[in-house]
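Below you will find one chain, with nothing else, as C-alpha coordinates; this is the form predicted alone, and questions on how it binds or moves follow later.
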Amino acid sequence: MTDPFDIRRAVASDAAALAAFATRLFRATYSDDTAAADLDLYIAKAFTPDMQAAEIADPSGAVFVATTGGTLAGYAQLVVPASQPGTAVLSRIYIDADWRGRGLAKNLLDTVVAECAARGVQHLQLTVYEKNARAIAFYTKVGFVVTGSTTFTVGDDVQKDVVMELDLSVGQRP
(Lines give C-alpha, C1' and ligand atoms only; values in the text may rest on other atoms or scores of the structure.)
Protein backbone atom coordinates (compact mmCIF):
# COMPACT_ATOMS: atom_id res chain seq x y z
CA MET A 1 0.00 0.00 0.00
CA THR A 2 1.30 3.44 -0.86
CA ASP A 3 1.01 6.57 1.21
CA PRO A 4 -1.51 9.17 0.06
CA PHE A 5 0.28 11.95 -1.77
CA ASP A 6 -1.18 15.23 -2.86
CA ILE A 7 0.38 16.38 -6.13
CA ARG A 8 -0.33 19.84 -7.44
CA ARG A 9 1.22 22.47 -9.65
CA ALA A 10 3.67 24.62 -7.69
CA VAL A 11 2.83 28.25 -6.98
CA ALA A 12 5.10 31.21 -6.27
CA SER A 13 4.76 30.78 -2.51
CA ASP A 14 6.41 27.33 -2.85
CA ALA A 15 9.69 28.79 -4.13
CA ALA A 16 11.57 29.11 -0.82
CA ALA A 17 10.55 25.63 0.35
CA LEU A 18 11.53 24.13 -3.02
CA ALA A 19 14.91 25.87 -2.90
CA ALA A 20 15.65 24.45 0.55
CA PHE A 21 14.34 21.00 -0.39
CA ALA A 22 16.33 20.82 -3.63
CA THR A 23 19.49 22.04 -1.90
CA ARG A 24 19.20 19.38 0.80
CA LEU A 25 18.51 16.55 -1.64
CA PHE A 26 21.17 17.63 -4.14
CA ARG A 27 23.81 17.68 -1.39
CA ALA A 28 22.70 14.32 -0.02
CA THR A 29 22.69 12.69 -3.45
CA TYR A 30 25.94 14.05 -4.86
CA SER A 31 28.21 14.81 -1.90
CA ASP A 32 30.01 11.46 -2.12
CA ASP A 33 31.13 12.13 -5.70
CA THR A 34 31.42 15.91 -5.86
CA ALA A 35 33.59 18.33 -3.91
CA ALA A 36 31.72 20.57 -1.47
CA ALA A 37 32.98 23.71 -3.23
CA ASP A 38 31.55 22.50 -6.55
CA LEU A 39 28.24 21.65 -4.90
CA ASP A 40 28.15 25.11 -3.34
CA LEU A 41 28.75 26.81 -6.70
CA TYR A 42 26.01 24.84 -8.42
CA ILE A 43 23.49 25.23 -5.61
CA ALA A 44 24.09 28.99 -5.40
CA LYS A 45 23.10 29.23 -9.06
CA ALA A 46 20.38 26.61 -9.43
CA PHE A 47 18.47 26.48 -6.17
CA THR A 48 17.83 30.02 -5.02
CA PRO A 49 14.27 31.00 -4.15
CA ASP A 50 14.36 33.46 -7.06
CA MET A 51 15.40 30.71 -9.49
CA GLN A 52 12.69 28.41 -8.18
CA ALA A 53 10.11 31.20 -8.53
CA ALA A 54 11.21 31.79 -12.13
CA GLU A 55 10.92 28.08 -12.93
CA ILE A 56 7.45 27.95 -11.37
CA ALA A 57 6.31 31.00 -13.36
CA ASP A 58 7.78 29.85 -16.69
CA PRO A 59 4.88 28.98 -19.04
CA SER A 60 7.14 26.74 -21.13
CA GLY A 61 7.26 24.26 -18.29
CA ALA A 62 5.56 23.00 -15.20
CA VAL A 63 6.68 22.34 -11.65
CA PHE A 64 4.72 19.87 -9.54
CA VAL A 65 5.04 19.44 -5.79
CA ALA A 66 4.08 16.35 -3.83
CA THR A 67 3.12 16.59 -0.20
CA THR A 68 1.92 14.13 2.36
CA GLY A 69 0.53 15.27 5.66
CA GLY A 70 1.52 18.81 4.75
CA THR A 71 5.19 17.83 4.33
CA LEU A 72 7.04 18.33 1.05
CA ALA A 73 8.01 14.85 -0.09
CA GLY A 74 9.07 15.44 -3.68
CA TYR A 75 8.80 17.54 -6.78
CA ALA A 76 9.21 17.37 -10.52
CA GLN A 77 10.09 19.97 -13.12
CA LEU A 78 9.12 19.64 -16.77
CA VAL A 79 10.50 21.89 -19.51
CA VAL A 80 8.97 22.02 -22.98
CA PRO A 81 11.48 23.78 -25.24
CA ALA A 82 9.93 25.73 -28.11
CA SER A 83 12.92 24.74 -30.24
CA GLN A 84 11.95 21.05 -30.12
CA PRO A 85 8.25 20.61 -30.90
CA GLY A 86 6.82 17.37 -29.51
CA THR A 87 9.67 16.94 -27.03
CA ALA A 88 9.89 17.76 -23.34
CA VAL A 89 12.61 17.41 -20.75
CA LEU A 90 12.12 16.03 -17.26
CA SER A 91 14.57 18.46 -15.73
CA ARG A 92 14.18 17.25 -12.14
CA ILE A 93 12.37 14.67 -10.13
CA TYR A 94 13.50 14.76 -6.52
CA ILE A 95 12.10 12.47 -3.84
CA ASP A 96 12.94 12.82 -0.15
CA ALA A 97 14.76 9.71 1.09
CA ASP A 98 12.02 9.01 3.64
CA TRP A 99 9.49 8.66 0.82
CA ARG A 100 11.46 6.59 -1.70
CA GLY A 101 10.02 3.19 -2.52
CA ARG A 102 6.45 4.26 -1.69
CA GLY A 103 5.22 5.05 -5.19
CA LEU A 104 5.80 8.79 -5.11
CA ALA A 105 8.26 8.92 -8.02
CA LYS A 106 5.78 6.96 -10.16
CA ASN A 107 2.92 9.25 -9.12
CA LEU A 108 4.95 12.35 -9.98
CA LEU A 109 6.01 10.84 -13.29
CA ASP A 110 2.37 10.02 -14.11
CA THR A 111 1.54 13.69 -13.47
CA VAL A 112 4.37 14.78 -15.77
CA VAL A 113 3.22 12.36 -18.49
CA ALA A 114 -0.34 13.74 -18.22
CA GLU A 115 1.05 17.25 -18.66
CA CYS A 116 3.00 16.04 -21.69
CA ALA A 117 -0.19 14.61 -23.20
CA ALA A 118 -2.00 17.91 -22.63
CA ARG A 119 0.82 19.73 -24.47
CA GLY A 120 1.08 17.25 -27.35
CA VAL A 121 4.49 15.98 -26.28
CA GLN A 122 5.54 12.68 -27.84
CA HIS A 123 9.05 12.28 -26.42
CA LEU A 124 10.07 12.81 -22.80
CA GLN A 125 13.82 13.11 -22.30
CA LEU A 126 16.02 13.35 -19.24
CA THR A 127 19.62 13.21 -18.17
CA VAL A 128 20.80 11.41 -15.05
CA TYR A 129 24.22 11.23 -13.42
CA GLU A 130 25.93 8.02 -14.53
CA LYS A 131 26.63 7.04 -10.90
CA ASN A 132 23.01 7.46 -9.79
CA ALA A 133 22.16 3.77 -10.15
CA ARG A 134 18.90 4.02 -8.21
CA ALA A 135 17.50 6.68 -10.53
CA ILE A 136 18.67 4.88 -13.66
CA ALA A 137 17.01 1.67 -12.45
CA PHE A 138 13.75 3.52 -11.80
CA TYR A 139 13.73 5.21 -15.20
CA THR A 140 14.50 1.90 -16.94
CA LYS A 141 11.73 0.16 -14.99
CA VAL A 142 9.13 2.69 -16.17
CA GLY A 143 10.17 2.46 -19.82
CA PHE A 144 12.89 5.01 -20.46
CA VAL A 145 15.68 3.81 -22.75
CA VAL A 146 19.26 5.04 -22.92
CA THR A 147 19.86 7.13 -26.03
CA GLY A 148 23.31 8.54 -25.34
CA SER A 149 25.44 10.49 -22.92
CA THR A 150 26.31 14.09 -22.23
CA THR A 151 28.19 16.16 -19.70
CA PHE A 152 26.83 18.15 -16.80
CA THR A 153 28.86 20.71 -14.90
CA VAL A 154 28.54 20.98 -11.13
CA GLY A 155 30.59 23.99 -10.10
CA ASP A 156 33.87 23.34 -11.91
CA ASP A 157 33.42 19.55 -12.01
CA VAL A 158 32.41 18.19 -15.43
CA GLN A 159 30.48 14.96 -14.92
CA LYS A 160 29.03 12.37 -17.29
CA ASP A 161 25.26 11.99 -17.53
CA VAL A 162 23.22 9.30 -19.24
CA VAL A 163 20.58 10.57 -21.68
CA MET A 164 17.29 8.64 -21.56
CA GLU A 165 13.99 8.95 -23.42
CA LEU A 166 10.44 7.73 -23.05
CA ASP A 167 8.49 7.50 -26.33
CA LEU A 168 4.97 8.66 -25.50
CA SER A 169 3.79 8.50 -29.12
CA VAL A 170 3.40 4.72 -29.18
CA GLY A 171 1.33 4.43 -26.06
CA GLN A 172 4.40 3.65 -23.97
CA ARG A 173 3.35 4.92 -20.55
CA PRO A 174 5.05 4.46 -17.24
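Throughout, we count residues from 1 along the sequence that is shown. Since we're looking at a predicted model, the values are computed, not measured.
Beyond the structure shown, there is the form predicted together with a small molecule, which is absent from this document and is the topic of what follows.
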item: Contact label in the predicted complex: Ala114 to the small molecule, heavy atom within 4.5 Å; value: no
item: is_contact(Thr127, the small molecule) in the predicted complex, heavy atom dist at most 4.5 Å; value: yes
item: 4.5 Å heavy atom contact, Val80 to the small molecule in the predicted complex; value: no
item: Heavy atom of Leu109 within 4.5 Å of the small molecule in the predicted complex; value: no
item: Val146, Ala37, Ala118, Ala133 - the one with a heavy atom within 4.5 Å of the small molecule in the predicted complex; value: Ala133
item: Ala22, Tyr42 and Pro49 all contacting the small molecule in the predicted complex, non-hydrogen atom within 4.5 Å; value: no
